[in-house]
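Given as structure tokens, the chain that follows is alone and in the form predicted on its own.
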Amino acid sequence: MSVNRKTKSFKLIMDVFNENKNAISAIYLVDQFSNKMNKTTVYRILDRLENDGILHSFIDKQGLKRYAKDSDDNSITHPHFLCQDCGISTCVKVNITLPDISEYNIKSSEHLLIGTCKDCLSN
């Protein structure tokens, strides 16, 4: 685990994840902070946070890389949900068991569930 310098840029990005339970795309963060830091800084901080196990990422339906803050139990392999109406994406706290296939050593798996979120269903 590397040491994260607590720079102003680092704090700005962490504040977004601490205030938001949904997964956030790197593109959104680049746009959000375009007047405060360059995109290289955003990607560098995201990579460091992911390498340190603070965030995890997945690829959504449009091919965007999204990041979410790891829960207390980040050992669970879990699916992600993408609302096809409003576009929010979030972790689904359901344990996914990785299959045991004799010819393969499976270390991770990605599951993207696509549908309509409860907010869009109520509208």
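Heads up: residue numbers just count along the shown sequence, starting at 1. Definition used throughout: the rigid core is the maximal C-alpha set that superposes within 1.5 Å between two forms. Owing to the predicted nature of the structure, the values given are computational and were not obtained by experimental measurement.
This next part talks about the form predicted in complex with another copy of the chain, which is not shown.
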*May I ask you to check whether residue 97 falls inside a 4.5 Å heavy atom distance of another copy of the chain in the predicted bound form?*
yes
*Any chance residue 7 has a heavy atom within 4.5 Å of another copy of the chain in the predicted bound form?*
no
_Residue contact check: residue 84 to another copy of the chain in the predicted bound form, 4.5 Å heavy atom_ = yes
*Give a yes/no on whether residue 27 approaches another copy of the chain to within 4.5 Å in the predicted bound form, heavy atoms considered.*
no
*asked:* Contact check in the predicted bound form: 53, 68 and 70 versus another copy of the chain, with a cutoff of 4.5 Å between any heavy atoms. Do all three pass?
replied: no
*Those residues of 98-123 which, in the predicted bound form, come within 4.5 Å of another copy of the chain by heavy atom*: 98, 99, 101, 103, 104, 105, 106, 107, 108, 109, 110, 111, 112, 113, 114, 115, 116, 117, 118, 121
*Large Cα move at residue 105 between this form and the one not shown, threshold 2 Å, rigid core*: yes
_Please state whether residue 88 has a C-alpha shift of 2 Å or more between this form and the one not shown, with the rigid core used for the fit._
no
